[in-house]
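Below, in structure tokens: the form predicted alone, a single chain.
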């Protein structure tokens, strides 16, 4: 097989003007050489939220399909937009921001953006392509390499778990291997430096479980080094406390294809390239490595959640007792057959879009093994995987999902409404298109045999990205519902989402509450937190089960209250009970210092904003509630000298607030919370507003600053549109509460 096959004209592109050769064999550019495509030939297509990047072949094609302002913005190209009148008031600033951001709205009515940050997403897709002999379009291969080299740590040559993290074994192993598969030569000075870092970390034997899994599939590590992933767990009766259906959706959907592939012990046929990579990943010759002795080896930099003693014992029993002595052939076939059945149901329920890129890549490999190279399932995966790709000025990355379409569009609508501009004739067409998109993306039916495949009710819900991806998310459903209700309450907007469909959304939200009163993300919590004892991923925390989240709980609270404003009689008792439980949870989740821990944004600032909005919705504010005043004082004491707020991702990892330079997004979160709580001193809020307005560019945009999002405590992820949606919301709230006075 050799290097990943490369199409000269793939991705609707032709051979490109390159600064180095790319002729289907490994290349050895010097550290000064940077392969790149002609960035002016890239285009983003958005069809009902399905976003794919295309590289055009000819000048004639580029003339027929010119780059849009959105294309050029995403690619970091000059926009040639005129300077706008200088903002003096918050509404001036919002008008300028909308003048800019409205030009990024895509034809279906949604907004798009990079959703990157984690460095382990791209390697999984490339590994799947390599294993399944899927040709990688040459422009994609070149731009993937360019992105990975752009994100290399300049000091030690490694790569981290995410773009702001220190170099880790996981990031360095997987990125190194993928660069080699994409054609980078072992004598490339950047890879020489990366190998040095990898060897300092102990070599590939010190990679975490997910890295070892992919290395074994590629044949550059023996399966003996991979801790067991038994598909038999899927045969456990549902009433068993550790049955996989109880796990968090992302964990179980990764474990599902991983367990099937592990059981088959599939290894791609070796090639000169993979045999060479074997000799590069270790601190000794490949043939001399005792792989079985390294099942539990892991670099200290990667060991965020160390394996428990119980898990280590269970792994030992599986390896040395179950597999060699107790597992029968009939049990193996039964377990593999049931896991394949569940994989097929996941594929069919999402039309092969799948939950996210990690399980999508693994599902593709499982289908390749079971159905064969030319099967419909493999072909359809090949067609859908490009939806995870994103092109930017640094090159091509892989997004954390197939986009943030519904999520970001919902927030923009709400921000404009709260700024009092939804009835401004200038913005009505933009918001009508956004409403049309949200109407189109509401999920209208439940999954086929949803109980069999352990899926949550979804009729009436909205997914984080698109209807086709199809996973209910509590906060996305809530924020989209609020956006729809806000617009449809105004005479300028059509009633696109019927009352019955709105009630469907409420019905689904009410199924998602936990016994604690709080709300989780994709489904109610199904298992005990003690299942974290079985967390084998090592690099992530809080990954085994769903948890209550202040952010999700607040989204549902505010959505239910807004719905009840317009529909006071529908399921009145159920909604009242749900609100009481959610607010009880939010109050209980507050820490002694007045803060809340955030799980989806960084971190205490993000959660504090949501929690204070919840409490405000029932009339609790700084003056009448000591809980709220304590939360406000926590935020106030974190304000920086320049008037802003800046919180490091380290807060998520450590559970302790860690400062960083002020960011407009976090500054917006902080003052949204303070204003919701009716904090009595407007001076710190005014200072923050001046910082936000002062950082706005002459064309109306704000520049990207630090990373904003997080999941599983240790992985950071980007939400670039937050610098528009939350700044607009914060400035609009300020103008509504304090008047639209001159600030600059």
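Numbering follows the first chain given and starts at 1. Small disclaimer: the values here were computed from a predicted structure and weren't measured.
Beyond the structure shown, there is the form predicted in complex with ligand LAN, which is absent from this document and is the topic of what follows.
Visitor: Please pick out the stretch from 251-259, 334-342, 190-198, 432-440 that is in contact with ligand LAN in the model of the complex, where contact means heavy atoms within 4.5 Å.
Guide: After filtering at 4.5 Å, what remains is 251-259.
Visitor: Is the gap between residue 121 and ligand LAN in the model of the complex 4.5 Å or less for some heavy atom pair?
Guide: Judged by the heavy-atom cut-off of 4.5 Å, residue 121 is in contact with ligand LAN in the model of the complex.
Visitor: Can you check whether residue 401 is within 4.5 Å of ligand LAN in the model of the complex, heavy atom basis?
Guide: Residue 401: yes, in contact with ligand LAN in the model of the complex.
Visitor: Looking at the partner-bound form in the model of the complex, is residue 282 within 4.5 Å of ligand LAN by any heavy atom?
Guide: No.
Visitor: Residue-level contact is defined here as any heavy atom of the residue lying within 4.5 Å of ligand LAN in the model of the complex; does residue 115 satisfy this criterion?
Guide: Residue 115 belongs to the contact set for ligand LAN.
Visitor: Which of these residues, 696, 37, 712, 51, gets a heavy atom within 4.5 Å of ligand LAN in the model of the complex?
Guide: Filtering the options by heavy-atom distance leaves 712.
Visitor: Quick check on this chain: which one of 142, 174, 611, 552 has a heavy atom within 4.5 Å of ligand LAN in the model of the complex?
Guide: Answer to the contact question: 552.
Visitor: Taking ligand LAN in the model of the complex, which residues of 462-476 have any heavy atom within 4.5 Å of it?
Guide: Heavy-atom contacts to ligand LAN in the model of the complex: 464, 473, 475, 476.
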